[in-house]
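As a starting point, one isolated chain is supplied in structure tokens, in the form predicted alone.
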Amino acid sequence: MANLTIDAVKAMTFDAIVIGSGISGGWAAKELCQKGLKTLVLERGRDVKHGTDYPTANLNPWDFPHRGQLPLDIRAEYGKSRSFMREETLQWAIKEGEQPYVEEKPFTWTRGYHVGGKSLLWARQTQRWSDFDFEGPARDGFAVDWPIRYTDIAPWYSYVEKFAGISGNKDGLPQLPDGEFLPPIQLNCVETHLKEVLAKNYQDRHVVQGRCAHLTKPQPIHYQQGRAQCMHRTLCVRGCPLGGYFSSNASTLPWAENTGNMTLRPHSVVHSIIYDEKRPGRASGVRVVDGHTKQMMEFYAKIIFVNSSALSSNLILLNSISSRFPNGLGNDSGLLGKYIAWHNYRGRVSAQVEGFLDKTTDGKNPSNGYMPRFRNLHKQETDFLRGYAAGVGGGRGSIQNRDGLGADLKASLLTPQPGPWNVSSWMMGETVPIEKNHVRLDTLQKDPYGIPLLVTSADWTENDDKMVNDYMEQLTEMFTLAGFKNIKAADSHSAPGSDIHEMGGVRMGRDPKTSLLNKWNQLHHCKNVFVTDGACMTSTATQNPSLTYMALTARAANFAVNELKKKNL
């Protein structure tokens, strides 16, 4: 502990510290504050107030000086950043030099360095996992067995779904358990046609409406959060001033703040977690570098939740060294930073659709159709492990008649006519975690805050390549059966990490020799430190992972509070 007076130490001491304010950090803050714990929430980026800090939320296309495109001189300020590089989303992009990292192999690391993190940037898809996913590693012989099963987390899925507001149908599919749903958004006619064709030709392939975190019929709990019904503007990535979709900013953080127990500290770059050498098996606090002054300071607490996003949480733990843990906090197994995995979105299939010209859509769809995993579900049937889900979206374009001059041309441009229908699909594949896909700290280079740079070393495997090929073949077959024309399938060969869902490095498990976290997301060897973001994931499944992060976090936070009351922490 730094050389401080008793009063100074008291001012820096809380019941709990949450590192990160994104989708899992917001849930940790809500649960801990709601249980009466004075909680410090640390966010490395700037503050973003719901409703007032979404500068482009209500702008029209003509309000942007370059119609959304960015001039080259502005793009240069963001270096190799590949995300949110448009005028309407530039507020979320990371400038060159903010946190450089070393790509030993190409890896796209998308970050959300602002209050709310990537909860303002996500696709809002919220599919539950099933035991086909939790039992997968043990059944198929990779990674390690998950220490939990669906029954352990099912009540927490329901808990977060009711608060967040999830729309969807009860589809009755074992690989995609039903939940606590608001009324669904509807499939359009082309998506429904594909659904009917699959039902006629396959027993195990389904198209459903993707469950999503949009308020289709707000309940009293949502109005208490100050949120309103989704207006289907589909401008979600700019930030929704209505709170029509779930974000930390609109939901969990204000809820935590209203308890009077939350202290939110933006511009706080976490350096490391302080191991308590006098109380073995416990951490005493967190070292923070002030984002403005670069001054190091310490905060103390009985419970620490690490929710900095998967790779950042790995970095913090690797940099938390002590005489007890010279290779990173809790890292007796030597596995910290290893078995990094992500989702495989490389496959794309598109086609043209004939017919349905007497139909069109009414309004916009903030979600999409969803084809749950069907490969290797009940038995191993291919030459690759695991499987993939698929997004499906049909739409109808417009045609503008650009013939003529003057008033006739203007009238034609202002009255576009419906064009032909088209359909597209995108792959959502599970990557199998392997030890050589890892992150570690660079031994020489440091960032502007004096923190070692993170080295990413991860690549695709033969299993991933085979899965992409199978996706393209199977979707082409299904599109052909549906009568779609001019079908095009392609492999983007994008770099790993391109679709945000990086996971692992601090995986859960039953044995401290083969995992970092137990079934309650506690570090095996440092019981008052909990990791509940993507870093904790033992495997990736095919579903979007955010709902599972939220459920794991709420479950772990309630366990932590109960353990604290029992004086076990």
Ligand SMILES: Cc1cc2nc3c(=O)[nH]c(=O)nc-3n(C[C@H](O)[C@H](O)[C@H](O)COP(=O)(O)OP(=O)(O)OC[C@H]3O[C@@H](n4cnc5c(N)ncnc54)[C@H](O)[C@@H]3O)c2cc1C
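None of these values were measured; they are calculated from a predicted model. All residue numbers are counted from 1 along the displayed sequence.
Missing here is the form predicted in complex with this ligand; even so, the following discussion is about that form.
Look at 155 to 163, 409 to 417, 311 to 319, 389 to 397: in the model of the complex, residues with non-hydrogen atoms within 4.5 angstroms of this ligand sit in 311 to 319. Only one of Phe84, Tyr223, Phe356, Phe142 comes within 4.5 Å of this ligand in the model of the complex through a heavy atom, and that residue is Phe84. Taking Ser119, Asn437, Ser167, Thr431 one by one, only a single residue has any non-hydrogen atom within 4.5 Å of this ligand in the model of the complex, and it is Ser119.
With respect to this ligand in the model of the complex, the three residues Thr108, Ala341 and Thr538 uniformly fall beyond 4.5 angstroms at the level of their nearest heavy atom. Mapping the unseen interface onto this chain, Val286 falls outside it, with no heavy atom inside 4.5 Å of this ligand in the model of the complex. Though the partner is left out of this view, Ile23 does reach within 4.5 Å of this ligand in the model of the complex, counting heavy atoms only. Taking the partner from elsewhere, Thr252 is found to have every heavy atom lying beyond 4.5 Å of this ligand in the model of the complex. Contact check for Arg124: a heavy atom falls within 4.5 Å of this ligand in the model of the complex. Contacts of stretch 261 to 277 with this ligand in the model of the complex, defined by any heavy atom lying within 4.5 Å, are made by Ser268, Val269, Val270, listed in sequence order.
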